[in-house]
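Only one chain is included here, represented as structure tokens and corresponding to the form predicted alone.
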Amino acid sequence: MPPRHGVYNFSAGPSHMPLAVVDRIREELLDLGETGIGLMEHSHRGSSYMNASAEAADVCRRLAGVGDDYAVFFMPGGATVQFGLLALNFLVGDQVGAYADTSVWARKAIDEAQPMRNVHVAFDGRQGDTFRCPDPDLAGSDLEAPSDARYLFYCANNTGEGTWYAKPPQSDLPLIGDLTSDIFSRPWPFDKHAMCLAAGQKNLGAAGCSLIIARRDFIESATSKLGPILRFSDHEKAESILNTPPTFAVRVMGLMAEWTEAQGGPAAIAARNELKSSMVWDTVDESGGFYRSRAAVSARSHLNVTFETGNDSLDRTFLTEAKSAGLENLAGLAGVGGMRASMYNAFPVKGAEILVELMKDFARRNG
């Protein structure tokens, strides 16, 4: 579908949403399910909202492909909240959490846990000139984690750095995946994880809520010395309505998941994401060095393409020209710089094509 107002939004999040979903939300803000009451006005204990919440969990379960031994539920707050709760729930006393530091968000998870719990950095992929992820061909041998660690945490797609894991890291430890920016963007072995979490503002549409997909026995193993509001298992038992949930965000996440399923699910979405990203990555590679990226070729993301000219002034000029061409929010992450094209599941292929045209023309004029 063409973008609204002729603008292609490359924002890393909150990010582009399908027009069909936006139109549905607009209708439901006035009237949810012909009840005469708008979505944001419905009681979270009423049947209309409770049914919508259950439907959202059901479609997410189908997309994840997990069985009844896994819980699928929603939690208030974004991924950063879940980072803190993860450590509180599962690290007790001298227990250690192992973390692979491959992104600003993996580092955020470390920073949330470190002041209150024991943390071990099992892999550092952000040092030096190139951003890296563990090499899947090494079968986990490049990860240095204590054998008795409570879990191994990783961030599957690194939005700021433009890298991702081609496969989950291999480890005998319970695996915790932050899938915030790549949830349902490709087939992923959820059943190989103790827990996966994903905040909503990338592929699930709305900030303020997180999707949790977790093995029931794992969340039940958490410490009992926390208030119910801090325990994953209590939220699951309450079917995502332990307290007043972010009702709007949950509904949007359900509608986005339904849209993803209607597109053919993660496998079909993955093919389109690869097409969009490869067009831009190829332009970087074929620019004769005019564009460069710090993302390791072996770990390049299919969702966030990062590139720069090596000249800050020239980068700023590129961003100005891009904005004039209707290409918005292409600036790189603060501290990383350059440009970042975030093209999540709903982002149209046409936007990538227009970006590539600009990149080639800009290189010809300034190379």
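Quick note: we count residues from 1 along the sequence shown, nothing fancier. Since we're looking at a predicted model, the values are computed, not measured.
One more form of this protein should be noted, the form predicted together with a small molecule, which is absent from this view; the next part is about it.
The candidate stretches are 177 to 185, 252 to 260, 234 to 242, 68 to 76, and the one lying within 4.5 Å of the small molecule in the predicted complex by heavy atoms is 177 to 185. Taking non-hydrogen atoms only, Asn157 approaches the small molecule to within 4.5 angstroms in the predicted complex. Taking the partner from the other structure, the small molecule in the predicted complex has a heavy atom within 4.5 Å of a heavy atom of Trp105. Contact check for Asn118: no non-hydrogen atom falls within 4.5 Å of the small molecule in the predicted complex. Using a 4.5 angstroms threshold between heavy atoms, Ser171 stays clear of the small molecule in the predicted complex. When the small molecule is considered in the predicted complex, only one residue from Tyr291, Tyr151, Phe83, Trp281 comes within 4.5 Å through any heavy atom, namely Phe83.
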